[in-house]
Structures are given as structure tokens and as C-alpha cells.
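As a starting point, one isolated chain is supplied in C-alpha cells, in the form predicted alone.
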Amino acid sequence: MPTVIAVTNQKGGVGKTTSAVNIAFYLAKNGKKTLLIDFDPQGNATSGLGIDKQELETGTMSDVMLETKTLQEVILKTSVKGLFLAPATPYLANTEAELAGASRRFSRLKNAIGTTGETYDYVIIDSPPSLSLLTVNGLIAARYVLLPVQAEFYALEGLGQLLETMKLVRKNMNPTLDLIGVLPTMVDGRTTLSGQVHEEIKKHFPGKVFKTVIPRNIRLAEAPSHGVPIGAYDRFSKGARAYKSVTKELIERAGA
């Protein structure tokens, strides 16, 4: 069985997709067969891996959620050995509305992962930046949640609601769901604020904050426009070194 990790934060612009894509990349580089599920209707993880959303003939996560295709049927090989992608397009937002009254609507992703013919070491879910039907599907399917938190003033605002949702999912649908770690992102070492927020995050999540933080990094911001993860774009950049280190820590935590 794969280790399933949902990368989640209901707030947009916190480095969620960047984290999902780059951690998936370094898992594959570590010899772990990895499936990245783009579960965000914006489809940024799909374009971030160089896939043209206009030319997805094999199907997308919309088809999987509507159960017109299996997960295995929509999975694409990427240019990275060992890294596979289940793509998404903006139509996934419509799919969510279509599922509103459907049976088993909260467990469709879990069922899809469970019945996929291929065996993966890791499945990374790039969740949407909202507490939606899709997000809950991700939480029910996952063994772990990875929580990217931006090192800025409002970082912890709204997280209470997400943690409450996790608690409800754990109680009713997925008793093994656990927080694998909180990942501070967009950290600017030159500002006092970044340091203060980092300390605040550590206070709120004792023992759960990753030792490595993700710095603000131009190369990291540029990589998606070239359709490649940071490790393929500039593996010597600060951003690449940070995600490589975080992935190593993630493997240790998942193993423990």
C-alpha cells in the first residue's frame, strides 16, 4: 500500500502546489515510485509538470471522481523517472458541484486510489485551497496531511477550521489520519517577521514543524513557467536544496 499524503491549506498562495510538485519530484529522485494527484481545479500541478491541459485525451481527475474512468486510465508518465501524474483541469470545479448529492461522494478518491492497478510507494495529493468536498475526499484518502504555512502575519488565521475538519474526518471516516508536518514556506531570513512567525508556528505545532524551511527564492518561482520542478530547473538553487532536504525528512517521518 502506498503512503498517501494530502498537501493541504485552505488558504491560497502559501506554496501548496509548489510543495506538492517538488516533494513528489524528490521522492521519485529517491527511488520512490510516486503518483502526484492534481486535485486542485486550478490544475497548477499539471501545468507545473509541463502537461498541456488542452490536450488531455486520456482523461482527468474529473472523470475519476464521476467514475467514468479509473484512476489508472488517467495517469500520465512525466519526464521524471518514477514520477507519475493524475492531471486536473478547471472542469474539476464543475465536477464538485455535480457530486453534491451523489452517493459515496466523500470517499470516491479513497476508492480510486485503492483500486488502482499500479503500486506506488507514495501518493501525493495537491488539494484545493478551500475546505470543500474535494479537500474532504483528500483527507479521507490520506494517511498523512502535510501543511504548508507561509511565514507571514496572517499565517495561522483559518488553520483552526482546517484542524477541526481533520478532527471530524479522523473521528468519523479516517481514524489513522495524522499530521506528518508543518512546512514553513516563503521564509525571508532578512526580516524579523519571518523569524517571529516561524517561532509562532513552532509554538502552535510542537514537534510537528519541519527542520528545513522553504525560503523565498526567485528560481523556485520561475520553475513552473518552464513546466519543470525546481530540481530539474536549477538543482543548485536554495529552493531546490530546501525541498531535497524536506523530502528526506518526510521519508524519515513516514517511516517512523
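Computed from a prediction, not measured in an experiment: that's the story for all the values here. Each residue number is its position in the shown sequence, starting from 1.
This next part talks about the form predicted in complex with a small molecule, which is not shown.
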In the predicted complex, segment of 213-221, 194-202, 49-57, 28-36 with a heavy atom within 4.5 Å of the small molecule: 213-221
In the predicted complex, Arg235 touching the small molecule (heavy atom, 4.5 Å): no
is_contact(Met186, the small molecule) in the predicted complex, heavy atom dist at most 4.5 Å: yes
Partner proximity in the predicted complex: Thr17 to the small molecule, non-hydrogen atom cutoff 4.5 Å: yes
Arg241 within 4.5 Å of the small molecule in the predicted complex, heavy atoms: no
